[in-house]
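Presented as structure tokens, the chain that follows is alone, the form predicted alone.
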Amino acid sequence: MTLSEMRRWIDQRGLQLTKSLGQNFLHDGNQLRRIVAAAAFQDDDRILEIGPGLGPLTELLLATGRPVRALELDARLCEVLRERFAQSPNLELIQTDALRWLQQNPADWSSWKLVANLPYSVGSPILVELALNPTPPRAIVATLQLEVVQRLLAAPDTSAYGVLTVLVGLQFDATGHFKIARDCFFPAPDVDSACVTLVRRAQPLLPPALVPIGAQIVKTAFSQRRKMLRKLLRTQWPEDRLTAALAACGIAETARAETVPIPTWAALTRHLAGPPAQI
């Protein structure tokens, strides 16, 4: 879908794009093809797309012949998508709020790949929702605000390193990213963008049963970044148990959350979730 085709659909339907819904549509064919290539599809992959908009990426995803489930909130855009892809039996289009739908429809995503230009307003919550799922997707190839991608790639002891970095990093490895210029979108957004590839870890750092408590620990520890994580965590765990767990993981008593590497968060979760500490 070229920019002129995109404008024609918008003009013909009298569509007023909504900034709050993140309706900035990627039209650059080179960037769209890079996104599809980054997904490195396997024969049995199924595809989840969130926020297809007018369908420029959807068109390329359907051309792979794989099943595509697209979640789109805007009823007007769903009408366009149904018209454009009426002859595409491999498309399942659902008009819904994607984040709410994911929360209300637990699913096994282990044979799926999320490939999407995510609406900026809900990009991070969607990534966390999928990362905390007991069976997360094989891979995520997502266009997001550059700032969010930087947080996903952040190293410990940096300002960008935080809850998003850790919760997504417990399940996924970031294997690549590329920036996308603002003029590749219509209308051009006010922020810079990038596409990141996240591949599910072959061996998750935490088993599914411990993911909820791991998320609780991480969110609590990062709730006040300037405070020592020990002071924050002792509101929820006994002092003796916490002291033993920190020592076993090599975490200093004075450490703050932003200094703790992702594998160490997994180790801390295992210790705090294990049998009671022996005195």
Ligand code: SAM
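Source: prediction; values computed, not measured. Residue numbers run from 1 along the displayed sequence.
Another form, the form predicted in complex with the ligand, is not on view; read the next lines as being about it.
Heavy atoms within 4.5 Å of the ligand in the predicted bound form are found in exactly one of 50-58, 247-255, 36-44, 228-236, that being 50-58. A heavy atom within 4.5 Å of the ligand in the predicted bound form is found for exactly one of 122, 194, 174, 160: 122. The partner is absent here, but in the predicted bound form a heavy atom of 26, alone among 26, 211, 62, 218, sits within 4.5 Å of the ligand.
Though the partner is left out of this view, residue 83 does not reach within 4.5 Å of the ligand in the predicted bound form, counting heavy atoms only. Proximity of residue 79 to the ligand in the predicted bound form: non-hydrogen atoms within 4.5 Å are absent; the residue sits far from the partner. Of the heavy atoms in residue 96, some are within 4.5 Å of the ligand in the predicted bound form.
Contact annotation for residue 152: none of its heavy atoms lies within 4.5 Å of the ligand in the predicted bound form.
Along 106-120, these residues reach a heavy atom to within 4.5 Å of the ligand in the predicted bound form: 117, 118, 119.
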